[in-house]
Structures are given as C-alpha cells and as structure tokens.
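What follows is one chain in structure tokens, specifically the form predicted alone.
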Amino acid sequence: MTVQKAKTLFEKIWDAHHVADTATGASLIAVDRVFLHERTGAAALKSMAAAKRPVCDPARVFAVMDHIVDTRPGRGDGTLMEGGSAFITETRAAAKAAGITLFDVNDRDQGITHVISPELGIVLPGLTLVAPDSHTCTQGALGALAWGIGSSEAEHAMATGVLRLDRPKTMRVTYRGKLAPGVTAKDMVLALIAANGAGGGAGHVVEFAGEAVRALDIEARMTLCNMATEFAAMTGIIAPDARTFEYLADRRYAPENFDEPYWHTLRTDDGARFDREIEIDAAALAPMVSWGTSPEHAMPVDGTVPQGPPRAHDYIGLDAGAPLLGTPIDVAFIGSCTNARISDLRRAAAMLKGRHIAPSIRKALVVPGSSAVKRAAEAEGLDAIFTAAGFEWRASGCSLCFFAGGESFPEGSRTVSSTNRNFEGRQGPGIRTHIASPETVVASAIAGMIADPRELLVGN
C-alpha cells in the first residue's frame, strides 16, 4: 500500500498544472487565465500579431483599462499622462483584433485588475492566473496560484498556454490569536514585512494561515495577499473555505456549481512541510504606518522612528527617535488594489460620518477599486459621506497609487495613503508617502496629522 505524501496547498496546485520538466530543471506550468492592462497589454498583443502568433484560447484572456485611465468625472480616452491616450486606444484595438474580453474605460465592469477579477469570478480556487503586474498575488486570497509576470511572459502564456518556471520554495506565515479592534489585514502584512525585511519572502510562495487569517473576510484576505510582493515573495495564497465559496456564488465567470468538490481539497495536509515557518501573535499587533522608503520601514503608529538608512530619513524628513503621532500631513488618499474595495470604503465612511478633514489638508481623494464598488458605495450613500467630509469622489482606476507622469499631489506634500508602496517618487516627485490602513488614513485626515485610528473607535 502506497502512503500518499502530505502536500501543501501550493504543491497541490503546482502538481495539477505541471506539464513537463525542461532540460534546465525548470518546469512548464499550465496557465488558466491571463489578465492584461493598458500599460503593457497593447505591446504584448501587437508583438504577437506581428509574429503571426494567435492567442491560443481567447476565452481565457482578459484586458482592462486601469493603470493610466483618468479617474475624474466624465472621463474618456484622454489622460493627464502625456501620450497616455495611445495606450488606451491601442489596447482597445489590439484586444478586439485578438478576440479577447475587454473591460473598457467606461464599461460597467471596469476597475483595477486585481479587484475586478475576483468580483467577476475570473479567478477561482485552484486556478493559475498571471498578469503583467506585481500585485497579481492579491488573487491568491481565493486559493489560486496567481503571480506577476513581464510582457514577454504574457505573450508566451497567451500563445502557448504554459510558462516556464523554477519551482519556488514554500513558507507558511501563521497569525495566532485574534486582532484587536482597529487593527486590520494591512497592519498584519506591514508588521510581517517590518519584522522580516522586504526581502524576507524572496523565492517563496507564502501561505497565510492561522486563526486571525481565517477570521478575515475575503476582501481583507486580498489585502494580506496583495502585499506578498512587497515581501519579495513569488505570491501569497490562502486556503479557500466556506467564506470563499459564499463569496464566489453567482459571480459571472464562476461555474454554476460554484462549490466544487475539488475546491474542498485545496488545503495544506496535516504533516506537510514548509521550507520556512513564521509565527506572529496577532493579538499583539497595532495599527502600522510606514516611515521611510520601503514597506519594511513600518512601525506601530504610536511608536518612535527607528534608526534606518540615512537616505530613508532624508526622504521622509523624520529623525530616529521622532514620534510618528502628530506628524503634520498635507494629503490623504484612499484607493488602490490594496484597500479600495467596498468593505474598505464602508469602514472608512463609518469613521468619517459627521466629521470633516482638517483645514490643513490640501487634497483628499477616494478612488474606488472598480466601477462596481463605486456603484455599490453610491447606492449606500458612502460617496455623500466622503464628499461632506471634504474628500473628492472619483471614478475607479489605479490613480495616484503610482505616479505615471500625469496627475500628482502638490509638490512637497506629505501623504498618508492606503496604497502598497512608499518608494521615493511613487506618488510623484518630492512626495513623502506613509502607507497605512484606510482607518489610519481617515483618522489622520481628520486630525491633519498622523493619528491613531483606535482613538476614533473609542469615540464611536
């Protein structure tokens, strides 16, 4: 009698998609879904067309306008980025010629790739999904193996249905205990990166597990997996469960029998071994805020800035030993594939209701993660709460998660942002960015300075 080896969740999906081994020791892995966006999509599709290579299965390829598209009311193909309109029009033409599904600028299902793919049930448990975007790892929250690739790899996946990969190592990050009020998935992942470094997950698929992870709703799990790439991991993944199956019910691209028996096998077996294990006491975590030039430069909001690289201190304008609390800010931003889903907006609006941003705030924006999120928020009156409090209400897109040569914040601004990267210049030249949860963004916008969201929760 053969005893079957205990496998991790990653190993089960990898083995199910393994096609062959190459002479160099890499593997050919079948790719179930490919997602493109307008920043790189046209280049990949046009290159394939020039080489007379058709998309092998157009039904498995999707494209969206999200990276460069304007988010101001009444938008069209015009962009603030010089030459940006060409990315949009060329992607539209190339997608039509290739016969793939396109969610265009004003399509009702338009939105950020990693927001609309789960919303529509394009990503499903056990699938492999790739996109030319490092935050594709977000979609591992649904129990899929999803990772970011380059444009040439996107061409290869569309033309052949497979990609060549070196088998990654495995890591499990287990969050023991329960989160305290005011502490979120964003704080969980920032605490992980701060403690283990921005390169701590390099070469690994990271499975997030434990009581605190199981307690998260699906959208919060997406936030956790979203920043696996900031940990240098190939991807993040979470075992699907009843919450996952309920979330996927009746999604457009999900099967009618959405609760498939196979999905219930997608969990790490007892006794399966990981190359590395990390355990974190979730109950000890606090709201986190970044302070330097990397997500690893993050700390509890009520702490003092540690000693770091001189360039990080110069960039952020804070010395070692300085408190974060009370640092004046100029800008507040809620958006991105990290924290712009309907649950994020609901929590932020609940804290803002009846309050107003400080007079010192020069700009405050809310950019929903998808058109569906925008409609849902407006149906619930959340947009009215944001605008009454002094925030601008926008259409969906990546927006000021990153500076693409178009819209920016006032030069020299210090921002508190619900985005995923605080690199130098990420939100524009001379902009100092602190990344945090939407709750911390709201608390700071109201105070006009970096503030602890738990103080407002006490007030409620």
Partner chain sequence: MTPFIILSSRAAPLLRDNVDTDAIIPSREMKSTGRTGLADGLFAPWRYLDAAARTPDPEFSLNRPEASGAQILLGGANFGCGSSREHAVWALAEYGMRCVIAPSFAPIFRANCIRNGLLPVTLPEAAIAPMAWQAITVDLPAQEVRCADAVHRFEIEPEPREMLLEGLDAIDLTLKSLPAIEDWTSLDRKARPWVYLERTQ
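Positions refer to the first chain, counted from 1. Only a predicted model underlies this, so the values are computations on that prediction, with no experimental measurement involved.
The following text describes the form predicted in complex with the partner chain, which does not appear among the structures shown.
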Inset, instruction - Select, from the options 276-284, 329-337, 249-257, 368-376, the stretch whose residues sit within 4.5 angstroms of the partner chain in the predicted complex by heavy atom distance. - result: 249-257
Inset, instruction - Identify which of 77, 383, 241, 90 has a heavy atom within 4.5 Å of the partner chain in the predicted complex; exactly one of them does. - result: 90
Legend entry - Residue (of 390, 126, 177, 300) lying close to the partner chain in the predicted complex, criterion heavy atoms within 4.5 Å: 126
Legend entry - Candidate site 186, 343 and 349: all three near the partner chain in the predicted complex by heavy atom within 4.5 Å: no
Inset, instruction - With heavy atoms only and a cut-off of 4.5 Å, decide whether residue 16 touches the partner chain in the predicted complex. - result: yes
Legend entry - Residue contact check: residue 99 to the partner chain in the predicted complex, 4.5 Å heavy atom: yes
Inset, instruction - Using a 4.5 Å heavy atom cut-off, state whether residue 296 contacts the partner chain in the predicted complex. - result: yes
Legend entry - Contact flag, residue 395 vs the partner chain in the predicted complex, heavy atom cut 4.5 Å: no
Inset, instruction - May I ask you to list the residues of 33-57 that have any heavy atom within 4.5 angstroms of the partner chain in the predicted complex, in sequence order? - result: 33, 39, 40, 42, 43, 46, 47, 53, 57
